[in-house]
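Taking the form predicted alone, here's one chain by itself in structure tokens.
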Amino acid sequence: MKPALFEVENIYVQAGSFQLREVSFSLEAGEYLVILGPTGCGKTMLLETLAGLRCPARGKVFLKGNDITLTPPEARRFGFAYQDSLLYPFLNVKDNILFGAKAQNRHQEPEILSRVDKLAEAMGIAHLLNRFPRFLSGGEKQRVSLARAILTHPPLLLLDEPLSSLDPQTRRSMQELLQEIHRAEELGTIHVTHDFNEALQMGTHLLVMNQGLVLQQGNPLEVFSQPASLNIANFLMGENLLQGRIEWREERAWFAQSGSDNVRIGPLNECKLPNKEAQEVTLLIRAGNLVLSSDSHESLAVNSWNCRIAQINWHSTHVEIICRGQENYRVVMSGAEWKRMNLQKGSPVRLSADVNDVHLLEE
């Protein structure tokens, strides 16, 4: 069986009182792994350990099946782009891009020099090659840093929050550029961020961290819609976390919201119950999975309930509607869809949820 491009097995790293504890994951060739977590959770420490800048007290790191745990960073030859770009102020753009190649004594190879020109053209910085970093914008600096990181076709690309300091428009263009490079270069990539939207947009695989621990990993959409615990759901900003209990009717499980006679959702897939003996549970319904209807006076169908519009929040890409019933429920929809409904604050509405779009969490 062909080994994974990159594997981490139970690494433990300590820096002062902070610890990375038993971190494990693997990355296949061409995958884009996003590591998501709050500030101070250990993301950068993990990335520096993968790069060889920190040595784990225990555990192993493998590249294409070869143990590189003790291999120094210069021998790993990974591409690394930091949040602050870290360009050398005394070098122009071209020499900054060539810096890693020079360390490998490859900066005069015709293939490398040709690649500098191609990368600069693709990244829109060809006209800046003779300019020094102090005359560059934030987005331009990030492009230079990225070109330097991938110039020598590294076996792995490590990105430490490379877009966090950029304005929204520059960030979008850089996200698109990263995805284009990832596809064209077929680079295995590990990208650290604390931005949920960035994680969903960029990643083929997601790893959620907090306090030095890996809490959950998997397909990004599955992790966001099916968090493994209430703590993870809260961190991922689960919009509708309903407290309730499991009721059994004719040997089928139903969710009943606490304090409400109206909100009943089911029958639930018993395979998805966190614990068949559990009574108190939390139900997660993502805001995009709640359906809002103006037919509030119809007899209540299964998995639907009445409430009223309490607040309307317009965003650049969608509308968020807060509906008040037993508690507040959040719904999102497109601006065009909202306009067609012709509703306003105080309007009675009906909410409904598909049983396949809810996720149960044990208390």
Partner chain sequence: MVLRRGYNNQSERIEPSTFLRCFQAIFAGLILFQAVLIGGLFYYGSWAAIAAVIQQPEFHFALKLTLWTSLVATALTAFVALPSGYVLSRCRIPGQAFVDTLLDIPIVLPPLISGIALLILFGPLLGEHLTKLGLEIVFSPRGVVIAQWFIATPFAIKAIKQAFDSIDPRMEKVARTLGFTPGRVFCKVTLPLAKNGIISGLIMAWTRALGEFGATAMLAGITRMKTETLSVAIFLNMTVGDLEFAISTAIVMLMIALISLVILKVFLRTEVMV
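None of these values were measured; they are calculated from a predicted model. Numbering follows the first chain given and starts at 1.
If you look for the form predicted in complex with the partner chain, you will not find it shown, but the lines that follow are about it.
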property: Heavy atom within 4.5 Å of the partner chain in the model of the complex - residue from Pro267, Gly288, Pro73, Gly218; result: Pro73
property: Contact residue in the model of the complex, chosen from Ala228, Leu200, Leu86, Ala126 - any heavy atom within 4.5 Å of the partner chain; result: Leu86
property: All of Tyr12, Phe25 and Cys55 within 4.5 Å of the partner chain in the model of the complex, heavy atom check; result: no
property: Contact of Arg77 with the partner chain in the model of the complex (heavy atom, 4.5 Å); result: yes
property: Partner proximity in the model of the complex: Gly100 to the partner chain, non-hydrogen atom cutoff 4.5 Å; result: yes
property: Trp248, heavy atom within 4.5 angstroms of the partner chain in the model of the complex; result: no
property: Contact test in the model of the complex: Trp254 vs the partner chain, heavy atoms, 4.5 Å; result: no
property: Answer range among 89 to 97, 163 to 171, 180 to 188, 110 to 118 for contact with the partner chain, defined in the model of the complex as heavy atoms within 4.5 Å; result: 89 to 97
